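Okay, so here's just one chain, in structure tokens, the form predicted on its own.
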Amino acid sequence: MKLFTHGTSVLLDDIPLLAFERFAEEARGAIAEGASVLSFFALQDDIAQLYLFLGFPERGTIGGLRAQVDRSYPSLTPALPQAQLFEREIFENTGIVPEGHPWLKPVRAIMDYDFYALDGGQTHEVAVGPVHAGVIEPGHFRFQCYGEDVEHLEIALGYQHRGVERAILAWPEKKRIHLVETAAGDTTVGHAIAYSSALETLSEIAPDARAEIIRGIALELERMANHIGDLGALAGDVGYLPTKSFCGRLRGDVLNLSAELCGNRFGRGIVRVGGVGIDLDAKLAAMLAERLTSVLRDTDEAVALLWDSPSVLARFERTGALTRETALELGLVGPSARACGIERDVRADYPSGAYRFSTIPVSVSNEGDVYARALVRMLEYRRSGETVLEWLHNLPTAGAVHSLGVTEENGARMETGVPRLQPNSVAVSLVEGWRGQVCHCAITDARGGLRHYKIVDPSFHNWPGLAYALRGQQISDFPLCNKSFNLSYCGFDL
């Protein structure tokens, strides 16, 4: 296994190409030691190769493995359940069969197949979606119930598969950042930083400290807005309107801070390869700090109402609980994992960018239920707000750089906005988005062009966790459990 650190590119030839038996043995051994699957995919040229990248959070390192395969290979899923979605995706994209996979159903392709079903005279099935009321994105949920209790939930997605990864390779280089910003719209900043960091790693570009801090401010504002919005939505799902109403407004206030920063409420235009697309002067920094202080005070008051209401706690506690062991086995990430007592956070485990200068405590709970997922969100928005205030009051003085990438034409140096990438190399970029670990993997060809680009949104890891959390719950608990995970459809349907 080739071990490397975040922010370091690796030559493809340095990643060991192993016989599959050795490949599987090393993967199983790494997972047993506490590693997790970051990305797992196949490339097909003259031969087919599996690429597996594992994260070792306790060491802060990444491990890479390759294996040459034919049209099939023995499935890793029976021994490593967190590989199950990746293997289904590999089969769907390439036709390479993971033999022995327990359920090789579609990931994104919409096709007829046999849904899981329970036999018995007192069982029944409830199908919801893919069309939902309001503006909810399309997804299909099929419940197998015994009375009111859910015995099994099957989730089918893929109804808006956009081909983002293929489009990144096909689009002009300057326009790719705009595509990445739409990979999951509520994680605009997270995905933009992951993409930019991958290209910066491959081109040995280092944004200056001021640019890194501005990126960090944008990322933490994105986290705050979504966590505050989720706490309000959870209150609404149990009919507690004071917190619902307050947090709906306060989420908008945080989004407006992002708009003040760059002109867009979702943070588009802030992150660019090489640095940032905007700068932050002292007057704007002071105004943002003043308004953010007010938002934090008001949010603390609104969210405190939740914990003081016995009726809210009665609905949150012991609802949709997952054990730590199940969360580890499924490979959950982000607040969903930390609510199960798993102390993993990219900002602490693989610190880069602004997080090299500031340490944000990892927010953890142990119950694994709706209450725990809400508590982690509350702790995180507070700590994000405190960190942003610190950054706003102590901005580095160096000027923010952006759009590096220089070419020479008729003796003149010109910025192209497109960095020169190292050929035949790979970079794995990790960002702690508000839902959890965002992973981008970029592979270059012999000329330094992008040969393959793989995105893993945190929702890809976490949708199976929602299905497990519903087992043994009443079907009426689904909206509350679903909101406590609040996963992305479009982030999954890349």
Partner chain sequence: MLKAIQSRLHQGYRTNAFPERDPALPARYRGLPVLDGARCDACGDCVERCPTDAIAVRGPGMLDGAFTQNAASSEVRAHIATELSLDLGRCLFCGECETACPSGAIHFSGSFRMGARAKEGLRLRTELAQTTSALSNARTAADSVRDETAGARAALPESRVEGQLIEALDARMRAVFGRAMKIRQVSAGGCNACEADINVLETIGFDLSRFGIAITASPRHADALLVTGPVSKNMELALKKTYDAMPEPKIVIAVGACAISGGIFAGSPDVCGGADTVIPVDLYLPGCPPHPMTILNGMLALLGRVSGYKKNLT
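Keep in mind it's a predicted model, so treat the numbers as computed, not measured. Positions refer to the first chain, counted from 1.
Below: the form predicted together with the partner chain, not depicted.
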Quiz item: Which listed residue (80, 302, 364, 392) meets the criterion of a heavy atom within 4.5 Å of the partner chain in the model of the complex?
Solution: 302
Quiz prompt | Listed residue (93, 160, 424, 293) with a non-hydrogen atom within 4.5 angstroms of the partner chain in the model of the complex | solution = 160
Quiz item: Is every one of 134, 256 and 278 within 4.5 Å of the partner chain in the model of the complex, counting heavy atoms?
Solution: yes
Practice problem: Mind telling me which stretch in 364-372, 329-337, 182-190, 144-152 gets its heavy atoms within 4.5 Å of the partner chain in the model of the complex? | Solution: 182-190
Self-check item: the partner chain contact at residue 264 in the model of the complex, heavy atom, 4.5 Å
Solution: yes
Quiz item: Is residue 260 a contact residue for the partner chain in the model of the complex, using a 4.5 Å heavy atom cut-off?
Solution: yes
Quiz prompt | 4.5 Å heavy atom contact, residue 308 to the partner chain in the model of the complex | solution = yes
Quiz prompt | Contact label in the model of the complex: residue 490 to the partner chain, heavy atom within 4.5 Å | solution = yes
Quiz item: in the model of the complex, which residues of 96-132 put a heavy atom within 4.5 Å of the partner chain?
Solution: 108, 110, 130, 131, 132
